[in-house]
Ligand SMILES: Nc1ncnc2c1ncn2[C@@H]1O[C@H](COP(=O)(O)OP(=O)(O)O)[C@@H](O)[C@H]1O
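In structure tokens, one chain follows: the form predicted on its own.
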Amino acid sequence: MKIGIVGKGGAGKTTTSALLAEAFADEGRRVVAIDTDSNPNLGISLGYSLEETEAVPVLPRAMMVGAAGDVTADELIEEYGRTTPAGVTLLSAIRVTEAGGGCTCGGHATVRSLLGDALEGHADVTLIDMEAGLEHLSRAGGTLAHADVLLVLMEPTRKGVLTAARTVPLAAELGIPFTYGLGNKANLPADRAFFENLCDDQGVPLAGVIPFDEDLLACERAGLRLPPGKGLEVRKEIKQVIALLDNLVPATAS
């Protein structure tokens, strides 16, 4: 299963990617999480310190992965993968360290190569935490062209849902079989109904609604992973999303 996580800046993509990855790993699945944000922080949400996250080596740009490519998946994971405290293998695809360093298209090309068939023997689940915006759907070749499912994180605002509505047809053109909106930070009693009603109006299938959680917010502010046993309502919704994904992806298997 290959899952792309996208959405507006601040919607909660990195935190949700980590929660999904950890929940899959807790079920005994081999999980690879790929951080494609130019300001990578996924490692922190998976239990690394800032220093450990910044020490994760960045994948070479424009590298072809596979038996006929520049490197095999075994070699790539051994050299560039890092096992996090959450039990998830982390890969860092892109990092901007200096001004005027050029575009990141080469890094996205490497991710696209990884998502072909290179990781299929090494991961039961691959999650890709994308940078904010929709550019990854418009790049030549499409970074997420090999994804099975696209999840669009949405805050409880009209702009958040409209972003998902714009994403659905772009993902379909790219050939991604399933695109779902995933509500996040639902705090008010009316937030779930807001997501359900507006997503229905805008033609956005809704995968779930993740509630606001004080413990999760505190961890985000402290730069820490959400400890086991905390955020129980959040984790409950994440498990329901996973159940939905498990029902979807077998229909796309080759």
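Worth saying up front: this structure is predicted, and the values here are computed from it rather than measured. Start at 1 with the first residue shown and count on from there.
Another form exists, predicted together with this ligand; not displayed. Remarks below refer to it.
Quick one: find which of 47-55, 210-218, 22-30, 188-196 has residues within 4.5 Å of this ligand in the predicted complex by heavy atom distance.
-> Partner-contacting stretch among the options: 210-218.
Thinking of P156, R158 and T163 as one candidate spot, does this ligand come within 4.5 Å of a heavy atom in every one of them in the predicted complex?
-> Contact check failed for every one of P156, R158 and T163.
So in the predicted complex, does N184 come within 4.5 Å of this ligand, heavy atom to heavy atom?
-> Flag for N184 set to yes.
This ligand contact in the predicted complex: G231, any heavy atom under 4.5 Å | No - in the predicted complex, heavy atoms of G231 and this ligand never come within 4.5 Å of each other.
Can you name the residues of 4-40 that have a heavy atom within 4.5 Å of this ligand in the predicted complex?
-> The stretch 4-40, when checked against this ligand in the predicted complex, contributes K8, G9, G10, A11, G12, K13, T14, T15 at the 4.5 Å heavy-atom cut-off.
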